[in-house]
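Let us start with two forms of the same protein chain, each given on its own as structure tokens and named structure 1 and structure 2.
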Structure 1
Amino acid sequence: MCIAGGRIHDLQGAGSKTFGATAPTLSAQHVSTHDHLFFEGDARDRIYIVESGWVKLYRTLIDGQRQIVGFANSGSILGIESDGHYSNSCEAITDVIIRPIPAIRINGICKNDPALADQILRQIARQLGAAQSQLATIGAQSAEQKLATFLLSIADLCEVNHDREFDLPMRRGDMAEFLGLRLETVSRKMTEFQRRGWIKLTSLYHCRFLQRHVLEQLAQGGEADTGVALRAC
């Protein structure tokens, strides 16, 4: 099966030709929160361009452990890392609108559709860079540093508003599975960040930076000084 619950709906007439004259012809589709676009191992019959909303991409190990390998929102292309079969599962974490592209178009795409191919090449390069950054985060940072890095990068994707406020569209457990932590650890650190006055959670899924520079220092591998001036030495 490819779509859990079969709740993907065609949106005839919704935003078309986003990707130029050679763009795909399939119409945009709607996916509800918690529905899957595809599962790891499914035959890859199409790739998807996200038009709005958020999805998570993850892998499941045999012992049930899961690893989220990325979150994706508007502009992301899904399914390009695989060949024949999807190598990740993909679940909507908000309501999502996607535009499918038949996989058949991918073979020899450079000859047949150079505009789309360039688009895909840029996207996949960006995703590879992001995956490598995430490797550095997961492999070389402490829980505290991981969370700081995560908040900054998610805020970046969400475009922080004038109040330094941004969405946190995923659950604590998703954050944990992305960062290689447990949700209890994420929860504790979020609480600690608040207690120290670095962030303010206006709701579970809404966050505001109070001391962004402290998080940036943490993320870059420095010590958090909480405003205490460093003495020259």
Structure 2
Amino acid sequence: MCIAGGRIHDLQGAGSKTFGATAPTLSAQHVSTHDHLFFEGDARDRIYIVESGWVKLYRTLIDGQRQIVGFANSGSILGIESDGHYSNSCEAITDVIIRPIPAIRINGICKNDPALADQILRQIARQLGAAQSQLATIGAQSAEQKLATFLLSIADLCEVNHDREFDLPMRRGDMAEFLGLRLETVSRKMTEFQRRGWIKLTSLYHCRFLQRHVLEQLAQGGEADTGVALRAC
């Protein structure tokens, strides 16, 4: 699934020399929930490094409907998939801290910091691979398989290490829009996953894995073994 195109690790370490020399220009900025970083079709004058929080990327279709094409959290770079104009709109779904870089300075920054240039190339490769994976699974996966893949992807981006718990910052409607499912289907499947003892929802936006291996089996195209289900505790 195309969840924000992946992560960039040790970004500040890779570009610390460059950032230190240009701190006033690359200063961090706060973006409030539901505010936009940019809109589809706007001139691409900046790319953005997400330092904290979550955003969603979406595109407006010919009939006026929206299609969410990805989610991004800390470590992601936004705006690299377009040239002169942004290909997507980008909206904060939580409070976000971002660091904008003027597009006209990207070449110079990468020339002066090969480590940062390497990180950006790796990011592009991850995003391309994620987009190809999404295309391959759009028609091949069932609703259960799509949802399992999505939950695993979000958990991995959240770097789950606290008793297998993580936050789902997006609304159910956003999940449905991204997965190509109806809102009712996503809500029903989330409830079903909890009833079967695979996950536990401690709130609308907080999830805990109880049987991660079952979700991994689903995500890989298998069928869930429903013979034994843990009680949600």
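Please note that residue numbering is based on structure 1, beginning with 1 at the start of its sequence. Just so it is clear, the structure is predicted and the values come from calculations on it, not from any experiment. In this text, rigid core is short for the largest set of C-alphas that superpose within 1.5 Å between two forms.
S.K.: Name the structure that matches the description of the form predicted alone.
M.R.: Structure 2.
S.K.: Aligning on the core only, does the CA of L152 end up 2 angstroms or more away between the two structures?
M.R.: Comparing the forms between the two structures, which are aligned on their rigid core, L152 does not shift its C-alpha by 2 Å or more.
S.K.: Report, in Å with one decimal, the C-alpha displacement of N107 between the two structures after core superposition.
M.R.: N107 C-alpha displacement between the two structures, core-aligned: 5.0 Å.
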